[in-house]
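Coming up, as structure tokens: structure 1 and structure 2, two forms of one and the same protein chain.
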Structure 1
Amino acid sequence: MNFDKLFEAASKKGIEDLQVYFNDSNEFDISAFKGELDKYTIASTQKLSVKGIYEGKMGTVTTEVLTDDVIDFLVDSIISSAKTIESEDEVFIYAGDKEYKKIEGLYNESIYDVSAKQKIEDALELEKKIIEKDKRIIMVQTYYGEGSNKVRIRNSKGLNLEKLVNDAMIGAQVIANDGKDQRTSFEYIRSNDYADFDYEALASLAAKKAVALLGATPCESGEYEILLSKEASASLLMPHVSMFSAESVQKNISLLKGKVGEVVGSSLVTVVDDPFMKKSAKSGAFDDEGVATSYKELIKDGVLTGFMHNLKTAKKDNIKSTGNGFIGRGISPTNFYIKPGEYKHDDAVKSMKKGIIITDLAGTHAGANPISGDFSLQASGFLVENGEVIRPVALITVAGNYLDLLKDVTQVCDDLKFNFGYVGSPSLLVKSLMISGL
């Protein structure tokens, strides 16, 4: 599409300011199962999101048809959408910041030096490796996926930004069965550097995790000291990220509202939003509104310091946007995590008198309520007594309140790991949570 023509047509029909956000993506995904290639997908897609200010309101439209003949449709949609909107919030097209940080390592060409054939062979080999680890492993599915994304933002105020990122991941889904019980594990590594893909380490870990839970049964109900593993902690943090959004605060649905400067967690807890992290597809020098991003510690040593903002919420609070405005997601984080400490996971286990290591939480999208902070979730893991792992446990639920949990953190481990949504956490030792089982 000829963007000049679009800008011209918009201006002619009375659109005061216009911004285009253009996305050009490529994708390659494979999966191996039972010694065969199970999935192979290649894709190339483009998408255009346009927003424009008409009579003081912001109209939006998106299209995957990118020929010049949709220009009239785009302009008309923006106008009709703007005319319908009643919200009196001030709207903006951003002229840009003076400076945007140069971030190295967001695009790595070398990932394409490894041939597709080699990547397929590696995925097949990974499956074989895992199967050979343990007789009780009955099934393995392995994955390799890579994608690149080129973003271009251009607006009528002269802003013209471009970024290019890529990333890739390898992963394995493992099913173990000992004749009586069946358990699964999923492990992965994500990077945009193929050299980071340690297939051997991944195979060992995935195999170990799948068999470790075999024979798991519920434990007795009651209050337990909890070691929340890095994966479980990240998946619990995920639904609560919205508490840190200024939009939630302004809508009065954030539990953190009015608490800036107050202690909201243990002094060991620091929560970070880091747009400059290397090898992450979520990193970038600007957000989708064209605002320069910034590194932030939203909770620092247990004290709430602020919220994530976009242009709209920042204006309401009379501050500068933190560069967290993203299309379709309102305000959202970049790489969001609980900062790792120095404590070792193994020491945490040894320190527990009677507790549970929670390795997996299920159903966080439904069983956690970020508005109240209450959660009640299906969990599995291991029962610990006097510093020793006694047996695996499953089909239990763990319940609590997320803010109480942050306050009850007694140790933060050094094993930070990110999940698929680029939300990460180290393992956390927590004073107590309610477990219901038998």
Structure 2
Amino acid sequence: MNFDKLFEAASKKGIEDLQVYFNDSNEFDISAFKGELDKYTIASTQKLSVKGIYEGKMGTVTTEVLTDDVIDFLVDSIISSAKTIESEDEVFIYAGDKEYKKIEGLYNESIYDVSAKQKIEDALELEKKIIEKDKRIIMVQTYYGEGSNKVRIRNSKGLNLEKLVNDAMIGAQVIANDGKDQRTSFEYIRSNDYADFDYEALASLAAKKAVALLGATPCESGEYEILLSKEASASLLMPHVSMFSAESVQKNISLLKGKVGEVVGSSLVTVVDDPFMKKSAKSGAFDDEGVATSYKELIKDGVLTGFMHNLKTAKKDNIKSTGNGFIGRGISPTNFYIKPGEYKHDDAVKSMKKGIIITDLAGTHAGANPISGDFSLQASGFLVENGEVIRPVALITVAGNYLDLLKDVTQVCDDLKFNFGYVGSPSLLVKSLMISGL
């Protein structure tokens, strides 16, 4: 589409300001199962979102048709959309920032130097490697996926931004069975550099995690010192991200409202939103509103420093947007994580007298309440006594409050890992949590 023609047509029909957001994404996904290629998908999507101000109201329209013959339709749709708006909130198109950080490592062309055939062979070989690790492994399904995303933002105030990112993932789902019990695991590596994919290490870890929990039974109910694994900690942080949103604060549904400058966690806890992280598809110098992004420590050494904003919430609070406005996601983080410490996971285990290593939490979408911070979740992991792992445990429930948990963190490990939503955490040693078991 000729954007110049779109801007010209909008101006002729009385649209005061206009902004276009163009997204071009490409995906390649495969999976291997029982020694054969189980899935092979190639997909490409282009989408254009346009917003414009007409008679003081903001109209919007989205299309996947990108030819010049829909220009009049888009302009008319924006006007129609604006006429339905009843809100009296002031609207505006952002003119842009003076500087946008140059970020290296967001797009790696070399990942496409590896042929699709080689990637399929590697996925099949990964399945074979995992099965060979232990005779108790009865099923393996491996996955490889990669994608690229190109974004362009242009508006009538002269803003013209563009970014290109890509990434890939190799993963494996494993089922182990010893004749009496059956357990599953999922392990993966994510990067935009194919050289980062250590298939042998992935095979060993995926197999080890699956068989380690075989024979797991509940432990006795009571309070235990908890080592929350990096995966479990990230999954528990995920539903609580919304309490860092200024929109949640303004709607009175954030547990953190009114706590800026107050201690909300252990002095060991720092929570970061980092849009400049290398090899991440969530990184970028600007958000979907054209605002320059910034590195933020929303909790620094246990003290709440502020919230994530888009243009709308920043306007209400009379401050600058933090660059966290994203189409379809509202106020959203980029790479959001608890900053890793220097403590080793094995040292954390050795320090525990009577505790549980929680490796997996189930049902965080329903069992964790981001408004109150309370959670009650089914968990599995390992019982620890006097620094030694005694046995695997499962069918237990861990309960508590997330802010209380952050305040009770006694050590932060150095093993940061991100989940698929780019929310990450290292393992956290927590003073105590209530466990319901036998």
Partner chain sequence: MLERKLIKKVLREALTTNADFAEVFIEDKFQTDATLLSSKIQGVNNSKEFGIGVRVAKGYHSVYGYTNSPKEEDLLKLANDLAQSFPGEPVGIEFSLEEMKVGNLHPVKILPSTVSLEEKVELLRRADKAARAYSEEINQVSTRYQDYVQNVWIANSEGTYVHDTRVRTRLAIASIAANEESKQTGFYGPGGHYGFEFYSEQLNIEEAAHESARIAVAMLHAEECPSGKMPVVIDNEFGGVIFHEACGHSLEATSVAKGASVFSGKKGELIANPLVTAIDDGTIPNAWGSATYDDEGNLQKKRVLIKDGVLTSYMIDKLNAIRMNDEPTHSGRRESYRYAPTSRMTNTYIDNGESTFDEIIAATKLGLYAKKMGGGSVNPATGDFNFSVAEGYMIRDGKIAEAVKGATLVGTGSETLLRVDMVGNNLASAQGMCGSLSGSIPTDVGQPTIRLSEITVGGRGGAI
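Given the structure is predicted, the values throughout are model-derived calculations rather than measurements. Here, a residue number simply tells you its place in the sequence of structure 1, counted from 1. Whichever C-alpha set is largest while still superposing within 1.5 Å between the two forms counts as the rigid core.
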>> Can you tell which of the two structures I gave is the form predicted in complex with the partner chain?
In response: 1
> Once you line up the core, how about Leu429: does its CA shift reach 2 Å between structure 1 and structure 2?
Replying inline: no
>> Superposing on the rigid core, I want to see if Ile42 changes position between structure 1 and structure 2 - specifically a Cα shift of 2 Å or more.
In response: no
> Cα of Ser25 displaced 2 Å or more between structure 1 and structure 2, core superposed?
Replying inline: no
> By how many angstrom is the Cα of Gly56 displaced between structure 1 and structure 2 when the rigid core is overlaid?
Replying inline: 2.6
